[in-house]
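The chain below stands alone and is given in structure tokens; this is the form predicted on its own.
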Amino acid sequence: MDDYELFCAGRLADPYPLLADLREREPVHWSERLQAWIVTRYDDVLAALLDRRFANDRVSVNMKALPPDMREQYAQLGDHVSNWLGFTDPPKHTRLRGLLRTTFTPALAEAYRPAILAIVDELIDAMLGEREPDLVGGYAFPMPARVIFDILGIRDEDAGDFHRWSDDMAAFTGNIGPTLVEVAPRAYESYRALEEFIGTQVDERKRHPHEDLLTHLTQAEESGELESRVELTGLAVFTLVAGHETTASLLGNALKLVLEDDDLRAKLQAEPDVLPAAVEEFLRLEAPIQLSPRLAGEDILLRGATIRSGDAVILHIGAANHDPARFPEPGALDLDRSFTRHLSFAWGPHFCLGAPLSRVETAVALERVLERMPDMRLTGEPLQWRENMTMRALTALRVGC
């Protein structure tokens, strides 16, 4: 029970044994603490991701977890998040996704390889001057932020306190249940700061259009494809946060797995061509997005459990990716798996648009740091995970060189 409480608060460092127990004994489990169903088997999670009865417009779940006075005070925060692409359903989701589809393509990911390489080399140069650099704070975290800034057309020097804003917003969208009371005030302040920041950027694009995503979104607002400034801000902030947080977490988790396995490290250094397969296993083993909440749009019977219309449902990606029915020896890293369809980028209509870019960023960053810092070793400092049910991310990863 202690482990379960820690899990529900996003404070369990290794959730997989608990998830395995739930998956085996009660694959559709009602959590009184979270006021939500937890679905843990691969086939069930995949089916639900494709089932329109499980709605993605679920910001009301976050807001209902707040006391009435906070719900009223932070109503604008809820309105803002309801315009994030990942919190919408068709037809709105289809319209908003269409505005990003032409930007986030496999061709863009490949075209960005030289820019990604230049960024990682600059970050590695800085780390080489430190005695015990932090591969999360100094490498995994800033790299994708700089890439997504460039795509949007935001200069690094204009980014302000984006890292803090991103953390605060991810804490609000990534937590469920009582812990939201703790994070909502910071998220609200960061939302207001981001709203002002994006507004300034959009006003500048109106005066001086550029070849960037923010100009594209500004023009979409002017043409009526975006129905309001609230929609524009929501889509821009979602792109900033999603384009940064997922890849930062993935790269940090991948570096941990590599540094804990000397044989794997040696293989990747000798055979960089296997990096794409390795990235897929890193995604499966330590999914950066562990769960995908939904709302039941009608009564649904699943494995004997009756999910009522309006109930919150947690589709647990991390549990599904460790289901032995789909992945034999799920805790082992196997570069030759015959079945590789993990769910870390979701599936169906909400499959992550940024997946090709995230994969390229991670592979390039791993190959380069293993080449330029071949002797780095973990310092032995205890590893800490962010207190967030959704994001599986390390707070730091210090190495000696």
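As the structure is a computational prediction, the values presented were derived from the model and not from experiment. Numbers follow the displayed sequence, beginning with 1.
In what follows, reference is made to the form predicted together with protoporphyrin IX containing FE, a form of this protein that is not presented.
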Identify whether protoporphyrin IX containing FE in the model of the complex is within 4.5 Å of every residue in the set Pro68, Ala171 and Arg386, based on non-hydrogen atoms. no
Counting any non-hydrogen atom inside 4.5 Å, which residue from Leu255, Leu77, Ile317, Leu217 sits next to protoporphyrin IX containing FE in the model of the complex? Ile317
Considering Ile38, Ala346, Leu34, Val59, which brings a non-hydrogen atom within 4.5 Å of protoporphyrin IX containing FE in the model of the complex? Ala346
Taking heavy atoms and a 4.5 Å cut-off, does Val28 contact protoporphyrin IX containing FE in the model of the complex? no
Answer with yes or no whether Leu250 is in contact with protoporphyrin IX containing FE in the model of the complex, where contact means some heavy atom within 4.5 Å. yes
Report yes if any heavy atom of Thr239 sits within 4.5 Å of a heavy atom of protoporphyrin IX containing FE in the model of the complex; otherwise report no. yes
Would you check, heavy atoms only and a 4.5 Å threshold, whether Phe351 touches protoporphyrin IX containing FE in the model of the complex? yes
Which one, 305 to 313, 176 to 184, 289 to 297, 110 to 118, holds residues whose non-hydrogen atoms are within 4.5 Å of protoporphyrin IX containing FE in the model of the complex? 289 to 297
What are the residues of 73 to 97, in order along the chain, with a heavy atom within 4.5 Å of protoporphyrin IX containing FE in the model of the complex? Leu85, Gly86, His93, Arg97
